[in-house]
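Okay, so here's just one chain, in structure tokens, the form predicted alone.
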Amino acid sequence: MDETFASQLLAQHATPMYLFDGEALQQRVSYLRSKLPQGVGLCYAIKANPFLAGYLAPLVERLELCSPGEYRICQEQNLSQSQFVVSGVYKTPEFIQEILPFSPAIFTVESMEQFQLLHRTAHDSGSPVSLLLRLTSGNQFGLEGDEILQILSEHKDDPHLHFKGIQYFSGTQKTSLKRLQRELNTVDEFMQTLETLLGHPMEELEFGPGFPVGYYVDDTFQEDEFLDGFSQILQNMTFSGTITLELGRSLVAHCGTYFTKVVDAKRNHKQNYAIVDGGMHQLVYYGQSMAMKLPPIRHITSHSPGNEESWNICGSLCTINDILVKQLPLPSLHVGDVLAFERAGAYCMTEGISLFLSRDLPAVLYRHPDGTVEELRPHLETHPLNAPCHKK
């Protein structure tokens, strides 16, 4: 993003706002595919950024949805339900009964109770259902291995149930190839056990590798080397079916920028403070504790550079915790300047306490690869959500 484009954007759109770059998004998908073994599919977990589901749909094999709300988001954009993986630890009977008979989506199974719900609904509606059985990694998600074996032993010949494969996910920001090797060895061995039981291999393994994202300027993560090592692990697996990687932040983190304007500047107790019109309710970086880490930030100003000083950048919330970054070195800072926080494409906009203080939600913009900018959401008032709903 060059200075000319940034200035034009800010002349047309008020801060705070998010901008997601379509060209960067396409380049990211192409890069990941170039580093992974041929035939490995990609599944976008839209919880990372639901605004980008429609733009990623043509670029990936699957879209993972974890709630009725995420399902509605994709449905209203007329995205192909054949791409949907309906996941999540809580699937209401009403939701499953509503969509299963009419949807070619794949459904994950997180518990024996979920299996019974999906099984019953498939039989009652006469609609076969495709299932990914989630193997737990030792937390509240998924099924024990023995439960998966029980399900397959008792129901492998049920014409209403298509057991497509196994899903496994254990966390995010995993930088250890040794850990990923251990996880994939465990899953690989389990898949061989299932092959023995079924007499044939499962079709698919959907694996969440939790690829790390370097959010801060001092991160030393070497992604090329990491992905080369991970690809070799995949190639060494015994499992011969399709492998699909479920990714969120790794796909979209680098395509997002958050713009916020300096609205006040002061000096208290020999410390410089800048107040911006955004804040921690709209920008949350993974692992950023008390604003001590420095993400990539661009300073957009019409003023000439002055003496460099350190600034504490604070948001517009009435809480001492609303600090975006501490001791940010800048060559002068003025009211009206804009700070553009980069690598804000994943989770940053949805994990904040966006309803606190009833401030407006920022506008959301998308820059198409041809350079045109589309407004996906205008600034939205939140005070109706924090007030009693009086009927007229």
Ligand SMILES: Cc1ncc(COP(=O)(O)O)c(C=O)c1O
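When you see a residue number, it is the position in the sequence shown, counting from 1. Because the structure is a prediction, the values reported are computed rather than measured.
Missing here is the form predicted in complex with the named molecule; even so, the following discussion is about that form.
Comment: the named molecule is not present in this chain, but in the model of the complex one of 183, 322, 246, 204 has a heavy atom within 4.5 Å of it, namely 246. Put simply, of 367, 47, 62, 28 only one has a heavy atom within 4.5 Å of the named molecule in the model of the complex, and it is 47. The named molecule is not drawn, but in the model of the complex it has a heavy atom within 4.5 Å of residue 167. Although the partner is absent here, residue 93 is not a contact residue: none of its heavy atoms lies within 4.5 angstroms of the named molecule in the model of the complex.
Put simply, residue 171 is close to the named molecule in the model of the complex: some heavy atom of it is within 4.5 Å. The named molecule in the model of the complex comes within 4.5 Å of no heavy atom belonging to residue 295. Comment: 171 to 179 is the region of 118 to 126, 230 to 238, 260 to 268, 171 to 179 lying near the named molecule in the model of the complex, near meaning a non-hydrogen atom within 4.5 Å. Within 4.5 angstroms of the named molecule in the model of the complex, the stretch 321 to 348 places a non-hydrogen atom from 347 alone.
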